[in-house]
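Take a look at this one chain, the form predicted on its own, written out in structure tokens.
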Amino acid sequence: MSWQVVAYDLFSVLIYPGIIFLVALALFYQWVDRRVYARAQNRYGPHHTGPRGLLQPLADLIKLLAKEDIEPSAVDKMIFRAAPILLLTLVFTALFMVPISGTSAIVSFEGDLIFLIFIMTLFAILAFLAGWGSTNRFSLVGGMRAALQTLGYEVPLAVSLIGPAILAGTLSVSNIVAWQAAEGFWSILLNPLGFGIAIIGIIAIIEVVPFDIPEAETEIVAGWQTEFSGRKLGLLRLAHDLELVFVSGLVVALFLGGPTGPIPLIPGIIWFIIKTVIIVFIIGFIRAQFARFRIDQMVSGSWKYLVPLSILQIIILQLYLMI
């Protein structure tokens, strides 16, 4: 392997479209989400640091990283210290499998879609372990809620994400994007029901209103994150912002053609940002319109409505392929 190949691989992983670019994109999407959420509720949102508050997420991250890192004496130190690092590592791993600047991701193999669904399940497992290891009653309740929420929504979310794979005949995210580019249309045109279920599912995965039950500040302080502070809390917040990039990028790849568009002259990264910003806007708007669901409403709503609808969209797609 020549040094040019090694240098290109390092550049892709570390700079573009790798870690540095993804962190910048995550902070930008946090700003978009906060602005949309604030405007929908007739508030300003971030507007002091940087032009129109654009640098406020970066300032918040630096502030958290610089704060004192307090570690309660009763916590399980290994779990408590490892949780933020493992969560951040998982999100970066998942993002490397999402096509961002072209039809192929940094890492791509047949079956990577199943692996990404598995990683989303690991998010909740880590949240549960972080709450359990904190030895705090609020953290424990938050961790258990995170586990219940995943049990309720991972099934319809996984089934809805399999829909585009059935259409493309592949379980590779990059190949699904390439199939949509070759066919000249997006999966959402044939599977709008799956797209809607996927949006609801990813909102539950990233634990924002109305599915912020694991971190309900008015009930359990900060849920499974209650005992985290300083650098650990900063890493958790950064991981949450990167989760927003991941879930929006995955939905765009599977349903909206990924970083491809009707105008070939526009670079793929521009199409990716435009489409994912639309997904972030939808998430922020939904957050502003709904109050937090109770845990029983969340679980029953998933099993009574989303699971049957997700199975229905698979049946519809199979009938379409048979015709």
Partner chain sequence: MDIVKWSRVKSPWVFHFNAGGCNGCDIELLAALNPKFDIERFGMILRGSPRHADVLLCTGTVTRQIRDRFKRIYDQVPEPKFVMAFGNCACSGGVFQKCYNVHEGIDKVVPVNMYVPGCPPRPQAIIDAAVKLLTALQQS
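Residue numbers count along the first chain shown, from 1. Keep in mind that this is a model prediction, so the values were computed, not measured.
From this point on, the text means the form predicted together with the partner chain, which you will not see here.
Listed residues 72, 111, 192, 169 were compared with the partner chain in the model of the complex; 72 is the one with a heavy atom within 4.5 Å. For the residues 222, 90, 165, 129, the 4.5 Å heavy atom test against the partner chain in the model of the complex is passed only by 222. In the model of the complex, the partner chain lies farther than 4.5 Å from every heavy atom of residue 135. Looking at residue 68, you'd find a heavy atom of it within 4.5 angstroms of the partner chain in the model of the complex. Among residues of the shown chain, residue 285 is not one whose heavy atoms approach the partner chain to within 4.5 Å in the model of the complex. The partner chain is not drawn, but in the model of the complex it has a heavy atom within 4.5 Å of residue 55. In plain terms, the part of the chain that comes close to the partner chain in the model of the complex, with a heavy atom within 4.5 Å, is 222-230 out of 150-158, 119-127, 171-179, 222-230. Residues 41, 42, 43, 44, 45, 46, 47, 48, 49, 55, 56, 59, 60, 62, 63, 64, 66, 67, 68, 70, 72 are the ones in 39-76 with at least one heavy atom within 4.5 Å of the partner chain in the model of the complex, listed in sequence order.
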